[in-house]
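Presented as structure tokens, the chain that follows is alone, the form predicted on its own.
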């Protein structure tokens, strides 16, 4: 594995569309780094620039302090897991997993290939499928094979482009846990891109938030959630979504807008009175939507909560947890 650095990376398409702008990023050896952002933010382009599949306009890509900016893709030794499975349908699972190890550049003995394939298959719980053709697998099994085909090598870095996005919610949850455990066991360096906040918070050692080709904040999942530097970043993590409200609503001077997490609202008592718009029972918690001075506020509480539509409700807010933003949607930090 390697430490990977991007320095002042710029990439445009058709000489006018800015895909990446001044990207500076360090992924430490053995780190699980997640790039988080919506479609079009530049996530996949970043991966392709590291892999050498896109030619950058300016800037540098370094592996362990060695500049590989102009190296060919084959010589960079990266493993890429795509959103689609991209398996060889006429090959068995074993042959799909062994394929990258049989490259003329590697020349590994067959016994070593067998050992590596069986080890990864066991990690991904597909040992019983090694003789199956790829066409005989379920979607989840095919994605396990696609991930395994990358993991079977020992590259400088694993690049993963939303590899779980096409799977159902339960399977995504299962594979997230397995992927993180495998990364820790292999001490692998992974750059993983997603728009899914659950993937970002459960997988990442560090998160880089992308907006329109720029990295706007880097931090641990806890730092991004607790101390976002803008409204945009505050909206990347958190379910139910953060409440963004006028600063005047709670008489906060010199504050254009505030961010208030639903879990930081206490229902039942308090100086503020609103009306219930709706309640959503999610099992372990209930989300209550409140109309307060013509603003909708979401509050989440543990367990169940019974109320009627338009019922009056009192609430309070945790003022220590209020995030303050200026007119440009940037964070106001207390001195």
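Positions refer to the first chain, counted from 1. Since the model is a prediction, treat every value here as computed from it, not as a measurement.
The same protein has a further form, the form predicted together with adenosine-5'-diphosphate (ADP), not shown here; the description that follows concerns it.
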Original post:
Out of the stretches listed (284 to 292, 31 to 39, 56 to 64, 297 to 305), which one is close to adenosine-5'-diphosphate (ADP) in the model of the complex, meaning heavy atoms within 4.5 Å?
Top reply: 31 to 39
Original post:
Are any of the heavy atoms in residue 14 no more than 4.5 Å from a heavy atom of adenosine-5'-diphosphate (ADP) in the model of the complex?
Top reply: yes
Subject >> residue 279, heavy atom within 4.5 angstroms of adenosine-5'-diphosphate (ADP) in the model of the complex >> reply: no
Original post:
Does adenosine-5'-diphosphate (ADP) get within 4.5 angstroms of any non-hydrogen atom of residue 23 in the model of the complex?
Top reply: no
Subject >> Contact of residue 44 with adenosine-5'-diphosphate (ADP) in the model of the complex (heavy atom, 4.5 Å) >> reply: yes
Original post:
Tell me, which of 19, 323, 9, 317 has a heavy atom within 4.5 angstroms of adenosine-5'-diphosphate (ADP) in the model of the complex?
Top reply: 19
